[in-house]
Structures are given as C-alpha cells and as structure tokens.
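The data below hold one chain only, encoded as structure tokens and taken in the form predicted on its own.
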Amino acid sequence: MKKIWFAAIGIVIILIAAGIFIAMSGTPQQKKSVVLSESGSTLLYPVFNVWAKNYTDPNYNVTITTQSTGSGTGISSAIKGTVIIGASDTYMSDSLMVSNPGMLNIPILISSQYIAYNIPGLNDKHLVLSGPVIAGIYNNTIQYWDDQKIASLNPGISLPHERIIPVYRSDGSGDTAMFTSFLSKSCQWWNKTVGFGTNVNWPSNPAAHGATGNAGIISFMEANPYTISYIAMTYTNQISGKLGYAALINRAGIAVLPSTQTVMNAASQYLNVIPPDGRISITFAPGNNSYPIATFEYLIVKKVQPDKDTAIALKNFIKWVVDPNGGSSPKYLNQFYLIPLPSSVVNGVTLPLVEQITYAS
C-alpha cells in the first residue's frame, strides 16, 4: 500500500514539475507582423505582385502592398517616407541625391523596353528605327509613316502615308527616363533640347498623346492605328499579336531586336564599371549585338528605417529578390522577360548597399 502511495505522490510531483516547465517556457512566440509598402514602376508592378503573393520571411509575417504609380511617384513617395519601397526603372538624379543624401538606389534586375507601333498590315513586321528618326517623330519633323527617313531604313516595305501619332507617358515614369536616355545618347538635338528624366518637356507636336502607365499606353495604341510609343518588356504578353515592335539601330550602327540575350549583351558592357552607389545608365551600349534600350531596375529606400523590425524585414526581402533561388529564379522572371543580375553585381554592389540599411534607435 505504501509503495502505491509513494508511486502516486511521485507521479503528482512529476506532473506538477512538467506543468511548471510548460508555464515557464510558454507557447511558441508568434511572428511579428511587418508591412512593406511599395509604390512606383509600372514595369515592375507585374512581378512585384507575384513576389508579394509568394514571399515568406523566416522571422516575420510580412505583408507586401503594391501600387502601380510610375517610377517618379515611387521615388518621391520613398523620399517622403509614405512608402517603404519606391520601385523605379531609373536611379535618383544627382540633384535629388544631394538634397536627399539618406537614400539608397539598390539595383535588383535588368529590364528593357520595346519601341512599339500599331500599323495595320505591318504589325507582324519588325521595322527598323533609329534614335534620330524616333526623335524626329516626337518633335514633329517626321510626320508620316512613309517619310523618306523611315523608308530608307526599311527598303522593300510599303509604308502607309498616314499621320504618325507619338504616344508618351503623362505620369512620372522610369520608362520615360529609359526612352529619353536612349534618345539623348543617340541624337544630339534631343540631348541639347529635351534631355532625359522621369518627366521631360515634350516637344510641341499636335498629333502627340499622353497616357498613364504601360497599361494606358497599350490601351490607347490598340484603339488608335498609326501610333508609336515605348512599352516595357514586362508587358510582352499584352502586346503580342496586337502591336508590332522595332529593331533599333544601336551604337555600333547595327539593327538589333530586343531579346533576353541582346539586353544582357548591353548590360555586360558595364558590369565592371558600376559605381558603389549603384547608379548607372546602360542605354545605347557598345557592342555589335547590344540592344540599345536597357536598364537596371532599382529599389529606392531610406538608409534609416523607422524601426528595427522593418529594417530587418526589408533587408531580408531584398536579399530574397536578388537570390537566384528566390525572387530572381526563372519561375518568377521568365514570364515577365526580366533578367537577373549577375552574381558579381549582386555581391559587389547590391548586397553591400542592402547592408547599409539600419533603423532609428
């Protein structure tokens, strides 16, 4: 009887001890919630939406909100602190960096754009165009599709005598910066009079039309024949079979079509000269097989984040974005015709910039 009693007492003691241990150790802590708000590039918007749905952080419950507002708005929103991430197809200008020295321009991908057109009967052809000819179209000195300057680049093609309608982005746009950078480098007149940037003073042209975002450009062009504009390659599926796109005369004087390979050829010309702050233009690159409109895509963020959790979650997310097994894997990028950064750029430029992100104490 005593043995049974002592055994019962022992079991009770063990159960009490176990209860004390459980109470002390507690239930597993739930992950903290962090919101990473993003605004900006309509070029990056499609892939950002996919990233937002698929990204998981080992330490936080991260919610990524996205807005397709244009690169100009993305940059200004990041500077103001109304969003954590400004997505942009271009880096901040020197003047903006001087007035906002606490910002980082972090390269994450390589992208490009089409010079697209809607010419009934010719949308299955790749017309050849050059920077000076495109500049002439936008500044109203080349008004018709059968102009001799276009015809001389396209022998054997019957071009219509129809008024060209140049379409431009009416919102602040990294696509505009990419496009006008190409024109500035390939056309002296454009460089001296218009220049480049997310917003420019477009030349006077009564036929020209402004539209918001890549989606707005595509919608207007589909509804209006004889239009021409610049459209991000991430919208390839949206224009396929509906609009034509051009081969462009590159810096070597050769007509080159946009493709993953020709864009990478252009980017490869600059891989060894990227400055530590990541800001570099790669349009109108040298090389016989370089497509002349290419760019690094950027995340514009503050060095000093509002709190420790946001800073850590932001760093984790950007590292995942440039990881070839993460956000830069083919399953994410190939569907949008985006190109991952070479490992030399990731390790030599992107990750050192990411490590500069800190938080207010």
Partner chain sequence: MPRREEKIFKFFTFLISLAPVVLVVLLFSFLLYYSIPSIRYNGLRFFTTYYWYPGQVYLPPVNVNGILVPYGSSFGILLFLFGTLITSLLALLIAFPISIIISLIVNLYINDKLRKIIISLIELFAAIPSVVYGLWGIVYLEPILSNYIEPLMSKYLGFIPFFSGPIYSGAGILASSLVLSLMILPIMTSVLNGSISNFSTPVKEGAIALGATRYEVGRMIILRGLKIQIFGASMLGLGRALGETMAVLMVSGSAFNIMPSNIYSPINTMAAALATLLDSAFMDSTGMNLYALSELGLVLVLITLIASIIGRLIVGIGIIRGYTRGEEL
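Numbering follows the first chain given and starts at 1. We call the rigid core whatever largest set of C-alpha positions still superposes within 1.5 Å between the two forms. Here the structure is a predicted model, which is why all the values come from computation and not from measurement.
Separately, the form predicted in complex with the partner chain exists; it is not shown, and the next lines address it.
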Quick one: is K125 in contact with the partner chain in the predicted bound form, heavy atoms, 4.5 Å cut-off? no
Look up in the predicted bound form whether G172 has a non-hydrogen atom within 4.5 angstroms of the partner chain, and give yes or no. yes
Partner contact for Q148 in the predicted bound form: the partner chain, 4.5 angstroms, heavy atom: no
Is there a heavy atom of K192 lying 4.5 Å or less from a heavy atom of the partner chain in the predicted bound form? yes
Could you check which residue among L96, L159, I254, L271 gets a heavy atom within 4.5 Å of the partner chain in the predicted bound form? L96
Report the residue, out of T283, T90, Q113, N250, that has at least one non-hydrogen atom within 4.5 angstroms of the partner chain in the predicted bound form. T90
Given a 4.5 Å cut-off on heavy atoms, tell me which of 254-262, 67-75, 130-138, 285-293 is the interface stretch with the partner chain in the predicted bound form. 67-75
Can you name the residues of 186-201 that have a heavy atom within 4.5 Å of the partner chain in the predicted bound form? N191, K192, T193, V194, G195, F196, G197, T198, N199, V200, N201
At a 2 Å cut-off on C-alpha positions, does S76 qualify as shifted between this form and the one not shown after fitting the rigid core? yes
After the core is overlaid between this form and the one not shown, has the C-alpha of G86 moved by 2 angstroms or more? yes
Per-residue C-alpha change between this form and the one not shown, Q67, threshold 2 Å, rigid core fit: yes
